[in-house]
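As a starting point, one isolated chain is supplied in structure tokens, in the form predicted alone.
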Amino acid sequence: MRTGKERQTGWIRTGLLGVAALCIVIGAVRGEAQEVLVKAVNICLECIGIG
């Protein structure tokens, strides 16, 4: 049986996981994943001297 502190920690973890998942979904819907990919490609190309 879990104590009150362990139960509270479980709710906090679940809440934070839910908020993180919601933020990921909102970012994906807004197209921010594509923007991050474009920036990563540009940085990578600059590092090897092409961009």
Partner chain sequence: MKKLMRNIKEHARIWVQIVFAAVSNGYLYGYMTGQIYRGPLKAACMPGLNCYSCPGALGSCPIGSLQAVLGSRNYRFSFYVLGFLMLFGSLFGRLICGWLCPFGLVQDLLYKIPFFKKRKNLPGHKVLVWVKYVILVVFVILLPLLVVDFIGQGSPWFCKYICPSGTLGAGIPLLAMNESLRDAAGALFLWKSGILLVLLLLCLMVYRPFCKYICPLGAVYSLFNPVAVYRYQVDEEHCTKCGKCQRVCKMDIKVWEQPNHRECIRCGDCIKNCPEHAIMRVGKTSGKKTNSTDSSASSDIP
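It should be emphasised that the depicted structure is a prediction, and the values quoted were computed from it without experimental measurement. Numbering follows the first chain given and starts at 1.
There is also a form predicted together with the partner chain; it is not shown, and the following applies to it.
Proximity of residue 4 to the partner chain in the predicted complex falls outside the 4.5 Å heavy atom cutoff.
Contact annotation for 10-49: residues with any non-hydrogen atom within 4.5 angstroms of the partner chain in the predicted complex are 12, 13, 16, 17, 19, 20, 23, 24, 26, 27, 28, 30, 31, 32, 33, 35, 36, 37, 39, 40, 41, 42, 43, 44, 45, 46, 47, 48, 49, listed in sequence order.
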